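First, one chain by itself: the form predicted alone, in structure tokens.
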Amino acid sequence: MMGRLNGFSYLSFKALYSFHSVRLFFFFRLIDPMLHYVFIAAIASALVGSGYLSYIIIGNIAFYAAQIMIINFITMFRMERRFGTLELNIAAPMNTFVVIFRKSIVPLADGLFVFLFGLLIGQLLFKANIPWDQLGNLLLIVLVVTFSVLSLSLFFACLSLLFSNINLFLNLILGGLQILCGVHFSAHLLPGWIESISRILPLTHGIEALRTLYGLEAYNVQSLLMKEALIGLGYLTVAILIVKVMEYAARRSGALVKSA
């Protein structure tokens, strides 16, 4: 069973990523986030000074991990559609969610690795010292945020099937999350109705919990984590419903998507 699962996940890795080896994959995942954080830090230092640096870097660490997972999920669905294997998933003698779960392992591990490595970069380069005495709570926050982002990624990946060209859709999502989820500034600074939208998105409460643990904000971490988990559960439920509706429609019509 584990052998088949590992083989399935490895094939998903080879299909999803253009890297020639796992070693090259890890090398890229170490360099690319680091360059992103340095770029953001340079802009933040020039605009608001170094005193605000840890606040922005912590938000960007969570956002970058979310970005990786969203891109991976949408790319996975896009490649499935391009090469005509999406319909095979529906027709496979296996529950559709089992297929999706197996293919989700690599993007999930990818996002988790980037998240944890980002926290180490934050400490080494930007003096965002990891609260080692709160390590258990820190890992819990990482897991809850990863779950909620995974749910959001699956939700967006399902919606992406409605678009023939999803690049614009993807860019709008990533840009919107940066503004709405308090990545660079507190979500409380947003106008009331916009903040209401940010409060129903994953990441917002997770970033606030992360900053609280780092002593950069002062909120109730447990309450924030509970909200983040419930929001993630809500998006996962909606995504499952969308998949079920698509599966039902595909079986009735004999086609899952229109040709791009």
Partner chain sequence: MNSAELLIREIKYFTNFNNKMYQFLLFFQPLVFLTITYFLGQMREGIEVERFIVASAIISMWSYVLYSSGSALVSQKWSDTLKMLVVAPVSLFSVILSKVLSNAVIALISMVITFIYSVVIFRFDLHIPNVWLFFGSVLVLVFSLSVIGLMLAFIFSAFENVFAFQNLILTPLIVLCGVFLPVENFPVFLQVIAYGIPMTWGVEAVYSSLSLSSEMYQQAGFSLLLSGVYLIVGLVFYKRIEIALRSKGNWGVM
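Just so we're on the same page, rigid core means the largest C-alpha set that superposes within 1.5 Å between forms. Residue numbers count along the first chain shown, from 1. Just so you know, these numbers come straight off a predicted model, no measurement behind them.
Form predicted together with the partner chain: not shown, discussed below.
Q: So which of Q123, T75, Q134, Q178 reaches within 4.5 angstroms of the partner chain in the predicted complex, heavy atom to heavy atom?
A: In short, Q178.
Q: Considering A218, A46, L230, I200, which brings a non-hydrogen atom within 4.5 Å of the partner chain in the predicted complex?
A: That would be A46.
Q: At 4.5 Å by heavy atoms, is each residue in L116, T237 and I240 next to the partner chain in the predicted complex?
A: Result no, not one residue of the spot touches the partner chain.
Q: Is L24 part of the interface with the partner chain in the predicted complex - any heavy atom within 4.5 Å?
A: Contact check for L24: yes, within 4.5 Å of the partner chain in the predicted complex.
Q: Would you please decide whether F39 lies within 4.5 angstroms of the partner chain in the predicted complex, comparing each non-hydrogen atom pair?
A: Looking in the predicted complex, residue contacts with the partner chain include F39, since a heavy atom lies within 4.5 Å.
Q: With a cut-off of 4.5 Å between heavy atoms, is F97 one of the residues that contacts the partner chain in the predicted complex?
A: Taking the distances in the predicted complex, the answer for F97 is no, it never comes within 4.5 Å of the partner chain.
Q: Would you check, heavy atoms only and a 4.5 Å threshold, whether R102 touches the partner chain in the predicted complex?
A: No, R102 sits far enough from the partner chain in the predicted complex that none of its heavy atoms falls within 4.5 Å.
Q: Using a 4.5 Å heavy atom cut-off, which stretch among 140-148, 75-83, 170-178, 108-116 contacts the partner chain in the predicted complex?
A: After filtering at 4.5 Å, what remains is 170-178.
Q: Using a 4.5 Å cut-off on heavy atoms, which residues of 185-216 contact the partner chain in the predicted complex?
A: The stretch touches the partner through F185, L189, L190, P191.
Q: Rigid core fitted, then: does W193 show a CA shift of 2 angstroms or greater between the shown form and the other one?
A: It does not reach a 2 Å shift.
Q: Superposing on the rigid core, is the Cα displacement of F28 between the shown form and the other one 2 Å or more?
A: Shift of 2 Å or more: yes.
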